[in-house]
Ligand SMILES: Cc1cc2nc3c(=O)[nH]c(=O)nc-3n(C[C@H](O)[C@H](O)[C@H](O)COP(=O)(O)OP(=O)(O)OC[C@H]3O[C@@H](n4cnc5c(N)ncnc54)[C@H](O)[C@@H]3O)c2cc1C
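As structure tokens, one chain now follows by itself in the form predicted alone.
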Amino acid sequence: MKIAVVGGGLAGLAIALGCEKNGHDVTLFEASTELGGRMKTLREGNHPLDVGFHVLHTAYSTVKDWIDLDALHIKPMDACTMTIAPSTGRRRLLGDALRSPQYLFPTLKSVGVFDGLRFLRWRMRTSARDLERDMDEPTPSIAEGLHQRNFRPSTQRVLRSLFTGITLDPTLSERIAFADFTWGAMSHGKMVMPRDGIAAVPHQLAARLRSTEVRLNTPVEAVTKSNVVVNGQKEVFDRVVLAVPQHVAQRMLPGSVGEHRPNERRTTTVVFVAPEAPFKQARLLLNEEWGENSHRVLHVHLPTNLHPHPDGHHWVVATLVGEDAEEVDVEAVKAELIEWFGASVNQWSLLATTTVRHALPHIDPQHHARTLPEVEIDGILLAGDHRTHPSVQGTLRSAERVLKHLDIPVPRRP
């Protein structure tokens, strides 16, 4: 068959690879100048800088099937999260004591015995074999679910900040089943960062393509079940796959999103160069007071703690989400970080500011399944995380659904 794949992100690349390996003639259309979609990495002084905060979960079954992790030269983050209350300077540690017993007592000290037991129960009910299991049943939103699980208010504040960072949704309208999924991924695997940045993941798939015709900088204007329109000209194919973000799918194929209307989830990172690292561990430092009294920085991490800069510089990455990610005042961010780390922040210089619009899709909280039912609408095949759930696992799962619909086996990694 002659197959068109519209969208050169992770889902589009996986589908193109599967179709090509099965002997089909594939053309891949990408509107931007590079492949990879939202998994994007810049080069600053020949050192990688991810656009947005990204980690890769080794517990994802699809990652194991598609990606050669060793070839990415990954390094794991610590199996814990560190929190800070900027107004007092107090820091707390929340770790996975089953994987890293040294975090047991610091975690109990941070949240208390009863919340420690609640964390343990939560972890024990996750499934390593089927991380998505809880998505098969109706669940409340994350905001409601955290309240129902009776965590103390101080612990709920930490969890609200944590899942705001994961979903990029300050309202936490995503279903609690998705929080269970991510909790299971953190419990049964590692959070890792590739040496060359998150873009190395889709680039690995792209490097495996041989016969696929890749057309970069080629916006597609319209699609039908057998046509792709570029520059006003129709090109004919046997099958057309639309593997684009949710808001683009809505524009090109209005019936494709149903009740899952795009709700722009925006994130901005402000990156500073520091002569000294404000902390040396490979951890996320989460703001317990985010959203209170003009605290806009959600979390901070240092990618150079995992993959050191060759010149010995330290990169401090502050993340903002939602309305706080619009028209960011860098000096205001720096002033806020002085509250976190003290006067040494005055020695930091701005390296870059990056913004991702439509960073994640919106899945209606009333949806109770791990995927949307339709693989095909009006003869057009659909893929992307908005067809499943907002994660790399969901993205690759959506690609596998399309391949299965075409009766094409998933190509195993070398």
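Counting begins at 1, following the sequence as shown. Just so we're clear, the structure is a prediction, and the values are computed from it rather than from any experiment.
FYI, the form predicted in complex with this ligand isn't displayed, but the following is about it.
Of the stretches 41 to 49, 341 to 349, 381 to 389, 66 to 74, only 381 to 389 has residues with a heavy atom within 4.5 Å of this ligand in the model of the complex. When this ligand is considered in the model of the complex, P245 lines it closely, a heavy atom lying within 4.5 Å. In the model of the complex, no heavy atom of M82 sits within 4.5 Å of this ligand.
Not displayed here, this ligand is kept clear of T212 by more than 4.5 Å at the level of heavy atoms in the model of the complex.
In the model of the complex, H54 approaches this ligand with a heavy atom inside 4.5 Å. With the partner removed from view, the residue among T353, S32, T371, T58 that has a non-hydrogen atom within 4.5 Å of this ligand in the model of the complex turns out to be S32. The partner is absent here, but in the model of the complex a heavy atom of P219, alone among P219, P106, P140, G291, sits within 4.5 Å of this ligand.
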